[in-house]
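The chain below stands alone, shown as structure tokens; this is the form predicted alone.
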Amino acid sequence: MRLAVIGCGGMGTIHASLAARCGFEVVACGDSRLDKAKALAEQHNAEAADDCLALVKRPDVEVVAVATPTPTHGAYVRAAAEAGKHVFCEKPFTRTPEEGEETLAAVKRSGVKLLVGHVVRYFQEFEAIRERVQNGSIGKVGFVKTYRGGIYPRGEGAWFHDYAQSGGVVFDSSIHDLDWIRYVFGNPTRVYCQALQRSDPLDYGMVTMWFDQGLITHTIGTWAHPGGFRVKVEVCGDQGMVTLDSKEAPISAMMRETAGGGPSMIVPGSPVPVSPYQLEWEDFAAWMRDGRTPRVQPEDAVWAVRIAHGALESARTGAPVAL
């Protein structure tokens, strides 16, 4: 199917390559900066444009990949859906639950397919943990702890630094773990968050969720690492515990990079033959091709926004938020 990529930065470049690997034909690349659109278009023998809304309406485009800053997702997804295009959208789906519901309604009215890139559901390590929970090998789970940490993102335009746009580490990064926990254990009932939203390089968030079955989960997110990326998971049941640490190593000390001395963002990898990012595109392609239900449903993306938004509201008020 013919694909237009909207947003030609780091994630747009990654998604264009993976989509092409999964059988999509990249025919157009759009970005507000035409030079970036041209750079990606040259890699795929595609056309470049700086009018992204016009791009999604092109008759030769069947699928749109949205990889722009979070506050623009809803407008592009709605425009694509209204033009009858199927959509792959980077997470977070939208910046607020209200816009998420509005955008989901537009997708349903148009009858197009939408997959939002909650890629942690495709990480093989996380899926192995989910299988152990579901098969009962560790008994009834009572507590889950996750940790996701990396460098403070220094992307172009520094939109990540504007918390009104990005929501900081809680909304942009911890949302991965909040979504995965819901994927494994169902809907939480309450969320509580404490967040340290200082300027570069300190941003920490600690999110606690409660579930009807008595489960409590604790999610830590940080953009305060001097370098690299680390993920840890601990799932405790009454018959055992399963853990994951992406970097099994002794305690080490690292000095912070000076401004401009390190990468602007880090995409976590996985030591497996097939990238989880490719697996989500393969899932999307199978949905296009034969109607196979994908691992991430549009409603899941709205729920993830609802939880993360509730966490930020809790951090602002100091009180738990009912979901």
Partner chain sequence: MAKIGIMSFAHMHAEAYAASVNRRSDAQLVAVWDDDPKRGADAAKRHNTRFVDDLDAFLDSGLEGVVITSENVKHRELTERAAAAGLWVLSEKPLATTIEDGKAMIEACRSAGVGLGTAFPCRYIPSIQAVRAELEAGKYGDIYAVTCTNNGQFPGGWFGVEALSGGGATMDHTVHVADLLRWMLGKEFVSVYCENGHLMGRDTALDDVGVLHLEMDGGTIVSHIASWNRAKSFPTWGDVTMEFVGEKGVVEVDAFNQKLNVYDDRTMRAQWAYWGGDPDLGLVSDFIESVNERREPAITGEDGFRALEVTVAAYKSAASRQRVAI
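Numbering follows the first chain given and starts at 1. Values in this document were obtained by computation on a predicted structure and should not be read as measured data.
If you look for the form predicted together with its partner chain, you will not find it shown, but the lines that follow are about it.
- Contact with its partner chain in the predicted complex, judged by any heavy atom within 4.5 Å, is made by just one of 113, 154, 130, 232: 232.
- Listed residues 84, 136, 214, 186 were compared with its partner chain in the predicted complex; 214 is the one with a heavy atom within 4.5 Å.
- Across the options 220 to 228, 170 to 178, 117 to 125, 96 to 104, residues that bring heavy atoms within 4.5 Å of its partner chain in the predicted complex belong to 220 to 228.
- When contacts are defined as a non-hydrogen atom within 4.5 Å, all of 142, 208 and 241 contact its partner chain in the predicted complex.
- Under a 4.5 angstroms non-hydrogen atom cutoff, its partner chain in the predicted complex lacks residue 79 among its neighbouring residues.
- Residue contact with its partner chain in the predicted complex: residue 190 places a heavy atom within 4.5 Å of it.
- Residue contact with its partner chain in the predicted complex: residue 202 places a heavy atom within 4.5 Å of it.
- The shortest heavy atom separation between residue 89 and its partner chain in the predicted complex exceeds 4.5 Å.
- With contact defined as any non-hydrogen atom lying within 4.5 angstroms of its partner chain in the predicted complex, the contacting residues in 284 to 323 are 317, 318, 320, given in sequence order.
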